[in-house]
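Shown next as structure tokens: one chain only, the form predicted on its own.
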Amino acid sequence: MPSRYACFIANFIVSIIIEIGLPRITYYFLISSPFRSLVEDYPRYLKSFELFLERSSEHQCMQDFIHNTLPDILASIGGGRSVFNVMGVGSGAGEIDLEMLAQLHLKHPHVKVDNEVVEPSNDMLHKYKVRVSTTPDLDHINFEWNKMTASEFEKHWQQKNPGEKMDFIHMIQMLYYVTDPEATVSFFRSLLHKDGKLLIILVSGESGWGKLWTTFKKQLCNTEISQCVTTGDIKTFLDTEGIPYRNYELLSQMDITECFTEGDQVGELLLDFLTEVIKFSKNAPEDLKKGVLDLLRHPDCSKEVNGRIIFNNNLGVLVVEP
């Protein structure tokens, strides 16, 4: 089922409409990018996103990390306290949250959990609440629902709970959709107990996404909509600030073979998703289109396996210390 990207995009569009007004939204997009962003056509975005999920191993690599690596990370938190404070920032419909909470319970079976859910979408929060109501053995968890963006939550928290500390905070595939990723990391890290952990998952700087964004950032990355940020960028920030962290690379791939067949509908949707541009193959100048396709096929981004073009969709995980 769709993960967190889709709800972030939807809510960003809604926030723009609320902030600047519907009559100005077209102007907003036109001045921000030479192309129409894929988020302007939400049904097409969802269709391309579902195709991405179908063609990639992203979901599986995250599952593997949660079940095989995360438990040892969670074992070190809590300091013997009887109640753990946990926070999910951009929790979506809660599928990943509940899997991590289950692993936490396995490691600390006698601990109660206060779980702060930060999610701006009414629809996603409703789905999360339904999932909670139909999932057994959650009596040890108290859920606090915060229908807010990360920046709204920061202001809310500073007013309401300035001294409260967290044992575990996770931010999965959400730093693309904040204005200042580094400041966001700094704020949520400041909430950690001395033995707490901040978990960040983004595309890896060594992935095909990282190469694509580095090469064509000016042409493709609409920073008014999302940040072309990778774990490489966050690691550079953490290293500069002397902040300790652990780094994990999650191997993932995506079959993009049809992108190289002119007029193929699957390929066009995949290209739209990769570039975040509506009908990129039709609307991009020929030199840009050729440059993007050449890079996507280059060994820096993809490999050929049994005649298929397999894109490097690796994720990076950062476990940040207080």
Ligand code: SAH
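Rigid core here is just the name for the largest C-alpha set that superposes within 1.5 Å across the two forms. Computed from a predicted model, the values in this text were never measured in an experiment. Just count from 1 along the sequence shown to find any residue number.
The protein also exists as the form predicted together with S-adenosyl-L-homocysteine (SAH); that form is not presented, and the subsequent description refers to it.
Trainee: Answer yes or no: in the model of the complex, does S-adenosyl-L-homocysteine (SAH) come within 4.5 Å of a heavy atom in every one of 90, 149 and 177?
Mentor: Checked in the model of the complex: all three residues contact S-adenosyl-L-homocysteine (SAH).
Trainee: Let me know the one among 293, 51, 278, 62 whose heavy atoms come within 4.5 Å of S-adenosyl-L-homocysteine (SAH) in the model of the complex, would you?
Mentor: Contact residue from the list: 62.
Trainee: S-adenosyl-L-homocysteine (SAH) isn't shown here, but in the model of the complex which of 117, 124, 104, 200 has a heavy atom within 4.5 Å of it?
Mentor: The residue from 117, 124, 104, 200 that makes the contact is 124.
Trainee: Pick the stretch from 107-115, 91-99, 154-162, 131-139 whose residues have a heavy atom within 4.5 Å of S-adenosyl-L-homocysteine (SAH) in the model of the complex.
Mentor: It is 91-99 that comes within 4.5 Å of the partner.
Trainee: Taking heavy atoms only, is residue 260 within 4.5 angstroms of S-adenosyl-L-homocysteine (SAH) in the model of the complex?
Mentor: The answer is no: residue 260 has no heavy atom within 4.5 Å of S-adenosyl-L-homocysteine (SAH).
Trainee: Any chance residue 172 has a heavy atom within 4.5 Å of S-adenosyl-L-homocysteine (SAH) in the model of the complex?
Mentor: Result yes; residue 172 sits at the interface with S-adenosyl-L-homocysteine (SAH) in the model of the complex.
Trainee: Any of the heavy atoms of residue 35 lying within 4.5 Å of S-adenosyl-L-homocysteine (SAH) in the model of the complex?
Mentor: Contact with S-adenosyl-L-homocysteine (SAH), no.
Trainee: Enumerate the residues of 38-53 that have a non-hydrogen atom within 4.5 Å of S-adenosyl-L-homocysteine (SAH) in the model of the complex, in sequence order, or give none.
Mentor: In sequence order, 42, 45, 49 come within 4.5 Å of the partner.
Trainee: Does residue 66 shift between the shown form and the other one by 2 angstroms or more at the C-alpha, the core having been superposed?
Mentor: After core superposition, the C-alpha of residue 66 moves less than 2 Å between the shown form and the other one.
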